[in-house]
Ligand code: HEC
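Consider the single chain below, provided in structure tokens and representing the form predicted on its own.
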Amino acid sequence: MRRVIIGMFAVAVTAVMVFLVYPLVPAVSGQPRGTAEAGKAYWDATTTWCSRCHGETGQGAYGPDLAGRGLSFEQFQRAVRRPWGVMPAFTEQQASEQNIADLVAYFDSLPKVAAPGPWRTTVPAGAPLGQRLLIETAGCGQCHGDVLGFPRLAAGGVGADFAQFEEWVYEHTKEFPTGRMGNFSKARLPEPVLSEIWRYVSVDLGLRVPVTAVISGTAAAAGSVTYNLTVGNTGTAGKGLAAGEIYISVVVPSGSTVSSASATGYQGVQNYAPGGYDVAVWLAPRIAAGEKLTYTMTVSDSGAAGGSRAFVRWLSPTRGGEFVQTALVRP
């Protein structure tokens, strides 16, 4: 009996020593402790868009599944900092060591998946080479859509060329240190592939111009209302692209008539049959980056205060034309 008690005491002492010594190991190695709650919060936030490739709950899609994989901190860290595939590398400012530890804990708390989910953006039938490359080869389409709408807008706003596009892709964190996208590798996404993608978005589709429209209404004497419209190109002056062949229309409130309007480019009042209302129309040849155009329309009669909105459409430089519209405003 005495030997049993002595043995149990020895085991207890050993357990205490292990408890005292081993909790120091993670601190010594520099590996932070993560929590599933913090990992889920980071994953669901818009800090990075990891879920657009890996699925809303890490079930996999364009990128591999992560849920329930049992990846260690070191494996996850390696994949984030120096990815094996086409995935961009993320810096400490974008995904800290603590974020990585939290993600490991989060995915460890989830069950394994039987099969990955669908891609967020799929390749359209008959897609040209450039579009296939940006969606299925580089994965750009999972965050930016099948025609890279926002990157084309950003590029048009500064009049970007291929050299600028390359820098955004390969050295993204140089200009955007806390941006959602990491840095792609030339070894995994070669320049000839990126060049074909650039040709597709800049030539086949055309870069976009950041055109804005803002309308307001001001009541005047005798029940008349003046609607003021400002059309702007928010691109960088001297660098951004100009929008060309611009069609501006302002809705004439039902029950009112136009008593005066800005003269430059004015085409009069026309009926917009699909909408069943009249519009005052102006044409402008172009609006340069950093430039603003202003228009006024004064209406009278009983419906003057009924509210108006504007539509602005331009035909170049995009191939199919683009438009913006304002919300309905009342004085």
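Keep in mind it's a predicted model, so treat the numbers as computed, not measured. Residue positions are given as counts along the sequence shown, with the first one as 1.
Absent from the display: the form predicted in complex with the ligand. The rest refers to it.
- Scanning I246, V251, C140, L241 against the ligand in the predicted bound form with a 4.5 Å heavy atom cut-off leaves one residue, C140.
- In summary, among the residues P32, P64, G68, G290, the only one with a non-hydrogen atom within 4.5 Å of the ligand in the predicted bound form is P64.
- Comment: 54-62 is the region of 32-40, 54-62, 266-274, 291-299 lying near the ligand in the predicted bound form, near meaning a non-hydrogen atom within 4.5 Å.
- Within 4.5 Å of any heavy atom of the ligand in the predicted bound form lies no heavy atom of A284.
- When the ligand is considered in the predicted bound form, P151 lines it closely, a heavy atom lying within 4.5 Å.
- Although the partner is absent here, Y227 sits far enough away that none of its heavy atoms falls within 4.5 Å of the ligand in the predicted bound form.
- Although the partner is absent here, V279 sits far enough away that none of its heavy atoms falls within 4.5 Å of the ligand in the predicted bound form.
- Residues of 66-83 lying near the ligand in the predicted bound form, listed in sequence order, are L66, R69, L71, F76, A79, V80, P83, the criterion being any heavy atom within 4.5 Å.
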